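The data below hold one chain only, encoded as structure tokens and taken in the form predicted on its own.
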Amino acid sequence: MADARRSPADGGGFAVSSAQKQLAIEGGTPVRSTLLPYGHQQISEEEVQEVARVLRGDWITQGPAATRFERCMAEILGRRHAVAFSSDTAALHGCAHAAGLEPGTEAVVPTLSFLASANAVAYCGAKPVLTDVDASTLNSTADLINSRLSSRTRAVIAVDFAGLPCVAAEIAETSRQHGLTFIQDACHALGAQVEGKPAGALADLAAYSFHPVKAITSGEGGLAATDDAEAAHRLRRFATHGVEREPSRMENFDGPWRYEMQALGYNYRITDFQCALGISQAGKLETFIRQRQAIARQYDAWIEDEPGIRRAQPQPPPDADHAYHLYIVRIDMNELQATRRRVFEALRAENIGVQVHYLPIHLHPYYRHTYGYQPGDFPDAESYYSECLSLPIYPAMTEGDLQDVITAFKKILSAYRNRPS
């Protein structure tokens, strides 16, 4: 096994030894003895103690840690308001609600994303109008969005796929021209910046994720950010059963005990002990992103001269950076005598936890049966899906882990360039 004491920024060679040439899927020795996941949290003992301190205190939910976390994230994101939720899906649902989506309305959503991006629209009774993505960036563009607008459109959701920020300035301008709410699903892009501003800063509403495989974690958790005070109020009320507690906003205030349910909301609150972890993790965001970018540079250097494989996304423009929630490659099936599935299974047999992100939303049975989407509707997303693999990338990866990924991939690519599957 490779030396695990070096960091991914140190560089190094990635030769395949003769003992490793037989594929594990065919009975050979795996490159690794244990599975390397595609993503994983990094939590210190100090963070464990911070969580324990809150658990021993007076508040474990709806308390001061949640307020501190929201203020911390608002500062990091450069927004006036930040509202924490129990998950990123809940945060997206809150954004859809705050945008006024309801039955009879529509929102444009890219088909290449996790289901939550479109489900948030459907939860409101509105129709998710799916669109293809740019073949190069795998993100939404203003032109693609414009092609799907109708008189019923109320919002646009753009996704920062894999951590590469979308062309938010153009999408924001399109949204303004048509009187639409621009929601940026920045769940992959926390820590990325465009022109010195955090990803999501140009959107009316932006959603972020704190799932364990994301840039920072609170266990589960999500957050919606905005500069609009009224939208922030709608978000907070929505996350707490639709209940209003401010006397000035009540229809009939008859005492300090009173609360009124004014909208159909949900219990989407986050706990204080999750927020204690989130606060501590937030202080490491910049470091974690630099570590992900260092790993990506190592992958880039290897892929540049490796036939049969290429980056799925381009390098970000000079005024932006990539958060690398995912590092995705595309397999050249013309170069290899193997299917993508065979390559996937061969890598898993070597204990490299590659993954596929994602089956386009329009190909899921629910979206086909409910909204009538069909295979072939969005060819660029489908072409990407047929070739993509996500490689392990997370801050706790060692140089040894990184070398194992590259060694295993080189082993498999070499085998399938030379013989049939």
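Residues carry their position along the shown sequence, with the first being 1. Keep in mind the model is a prediction, meaning the values are calculated, not measured.
Below, we refer to the form predicted together with a small molecule, which is not included among the displayed structures.
Colleague: Which pick from 174, 139, 298, 89 sits with a heavy atom within 4.5 Å of the small molecule in the predicted complex?
Modeller: If I apply the 4.5 Å criterion carefully, the residue I get is 89.
Colleague: Can you pick the one in 190, 156, 84, 159 that has a heavy atom within 4.5 Å of the small molecule in the predicted complex?
Modeller: Going through each option in turn, the one that passes is 159.
Colleague: When the contact criterion is heavy atoms within 4.5 Å, does residue 211 count as touching the small molecule in the predicted complex?
Modeller: Yes, residue 211 sits close enough to the small molecule in the predicted complex that at least one of its heavy atoms falls within 4.5 Å.
Colleague: I'd like to know if residue 182 sits close to the small molecule in the predicted complex, meaning any non-hydrogen atom pair within 4.5 angstroms.
Modeller: No, no contact at 4.5 Å.
Colleague: Can you work out whether residue 114 and the small molecule are in contact in the predicted complex, taking contact to mean some heavy atom pair no more than 4.5 Å apart?
Modeller: Yes, residue 114 is a contact residue.
Colleague: With the cut-off set at 4.5 Å between non-hydrogen atoms, does residue 163 touch the small molecule in the predicted complex?
Modeller: No, residue 163 stays farther than 4.5 Å from the small molecule in the predicted complex.
Colleague: Counting only heavy atoms and a 4.5 Å cutoff, which of 147-155, 250-258, 329-337, 211-219 contacts the small molecule in the predicted complex?
Modeller: So the stretch in question is 211-219.
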